[in-house]
Ligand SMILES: O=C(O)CCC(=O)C(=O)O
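Presented as structure tokens, the chain that follows is alone, the form predicted alone.
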Amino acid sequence: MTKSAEMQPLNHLLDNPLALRQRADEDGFLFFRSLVPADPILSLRQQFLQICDKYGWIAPGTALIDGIADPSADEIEPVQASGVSMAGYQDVQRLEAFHRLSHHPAIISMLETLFGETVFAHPRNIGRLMIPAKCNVPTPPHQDYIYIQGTNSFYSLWMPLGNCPRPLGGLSTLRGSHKWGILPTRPAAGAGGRAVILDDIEQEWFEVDFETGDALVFHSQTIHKSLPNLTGNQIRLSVDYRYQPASQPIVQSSNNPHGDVLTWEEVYEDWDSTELRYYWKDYQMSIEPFDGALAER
């Protein structure tokens, strides 16, 4: 049986580490209203949409900030589940503000409370510019761990760049699924190319109408999926950031630009600041090999 329920904000637990950890252990996810101030999010939204406009994916005569797609965008050949072309996604990866947002003090503070130790932010950040095109289908139910690996103690943070009501295609999580182990998968359309097999499993999916600044944080093995974009012409913009306790192991690919679409030298070429360049080299973390067989399980 499949049912859905409303996510409840947990901001009141941010000053209660024990209760926050207990809730994360029970549910496998945490939802926060207005965790991050709107200004840096809306600024990054503007930059994402400027990239869309550069390649002709914004409908003429519409306000850029609204993110209304031109019908011609239906011909995009997206890479790395970004929703956009290789050239467009390379431009996304070059944005200093995109990478800087993952280090926002409000995010790091929340995760320090959750982990109880130093937080390591993965530099392999993912931007999604999900233009409602025939090639951009919803992400199927999956667990992040098989694609990331290293420690299973990492958490993913998903945040929309602007309001994201359910009809725009937000994220949905399966409560308690982080306790089910690594489930078998089968090929599926959408990001990752595989879906966990949930046949005959009772499912309780949690959803919400996201607002600017809201964030969803979930365990590496929590099953989650995206909802379909039912708007017909509005682009869903979001970021995926990942974090782990700094004492835990990591795989080398998590320190590379997402999808290896650029080198770090190319990413950093036009940055104004040197503060975050190669920051992960300051951490003494053990490196584990990536198990390709697990990713195809």
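These numbers come from a predicted model, not from an experiment. Residue numbers here begin at 1 and follow the sequence given.
Missing here is the form predicted in complex with the ligand; even so, the following discussion is about that form.
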If contact means any heavy atom within 4.5 Å, which of 219-227, 114-122, 181-189, 97-105 contacts the ligand in the predicted complex? 219-227
Using 4.5 Å between non-hydrogen atoms, is residue 206 touching the ligand in the predicted complex? no
Tell me, yes or no, whether residue 139 is in contact with the ligand in the predicted complex, where a contact means a heavy atom of each within 4.5 Å. yes
Can you tell me whether residue 214 touches the ligand? I mean in the predicted complex, with a 4.5 angstroms heavy atom cut-off. no
Just checking whether residue 171 would be counted as a contact of the ligand in the predicted complex - the rule being heavy atoms within 4.5 angstroms. yes
Within 227-257, which residues come within 4.5 Å of the ligand in the predicted complex, counting heavy atoms only? 236, 238, 240, 242
